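A single chain comes next, written as structure tokens; it is the form predicted alone.
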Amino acid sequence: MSTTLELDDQGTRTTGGPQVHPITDTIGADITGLDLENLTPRDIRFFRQAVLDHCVVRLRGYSIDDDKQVELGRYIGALTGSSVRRDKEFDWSKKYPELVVISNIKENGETIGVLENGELNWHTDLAFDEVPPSLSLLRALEVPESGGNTGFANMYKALESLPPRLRQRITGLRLKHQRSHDAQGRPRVGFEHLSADDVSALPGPVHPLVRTHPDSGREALYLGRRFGGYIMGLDVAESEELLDELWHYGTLPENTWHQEWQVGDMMVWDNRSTMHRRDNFPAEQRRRMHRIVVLGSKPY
């Protein structure tokens, strides 16, 4: 059922204007009726509230280019990039340093983007930064004939799904999000000398396992990604066992939804209340996505 809500200049909900159409009862919504050429402060408040309420929103059927994507991101907040160094620079980073091309397409023998065509396991964008981003905006320019779908998990619901004894056990615990290796265990640029054998020794910021969303005030499970995670103060074996259990609840099918991409779709998700993943797709099929992220705040 669609919701026809708008916010007046004082932030009060009124009828009329843009519409929110929930995709599932748990996570995800479509937004229709936004005039992206003439966005008002009321539209931006409406958009922000939709993301807070549904964790993930989809803009489908709009005409959005890089300029409009970056403009919308800047309306929401300051844009930022990852603090992790890349092993090479790309042409697309010159106009908008904050924009990242995620693609397997090759030109002149060189891949034009990052992350290519393999599966990407469940994760939260840039949780390995001291100050992770709040929102991510990902837009599809080319999509493969099969695969490449993106799954989203509601981490409010994940926390609510924990058995009481597990919820009590993790109270006050903090998780180190290692930044030296990628999700496949390969060392990043500048960390080639480090072994991933002992996760407790890997560098990375420490964030609470249960974070409070600064805007909604709700608590959410905050896992980042599985590889290299370490719960501070525990033996590595105990940390691994506990994390395996938390990840089970963090990715329960009833709390997830998968986006099947169409060219022109733009997904906007809240990294403070979601995780996401990507299905693999055939290497010979082209996929090109443009992503920006909005600056967040240090988890607490």
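Numbers for residues come from their place in the sequence shown, where the first is 1. Computed from a predicted model, the values in this text were never measured in an experiment.
The form predicted in complex with a small molecule exists for this protein as well; it is not shown, and the discussion that follows is about that form.
- Heavy atoms within 4.5 Å of the small molecule in the predicted complex map, among the stretches 177-185, 162-170, 200-208, 116-124, onto 116-124 alone.
- Interface membership of I112, defined by any non-hydrogen atom within 4.5 Å of the small molecule in the predicted complex, is ruled out.
- The closest non-hydrogen atom of L221 lies beyond 4.5 Å of the small molecule in the predicted complex.
- Using a 4.5 angstroms threshold between heavy atoms, I102 counts as touching the small molecule in the predicted complex.
- Remark: L135 does not count among the residues lining the small molecule in the predicted complex, judged by a heavy atom distance of 4.5 Å or less.
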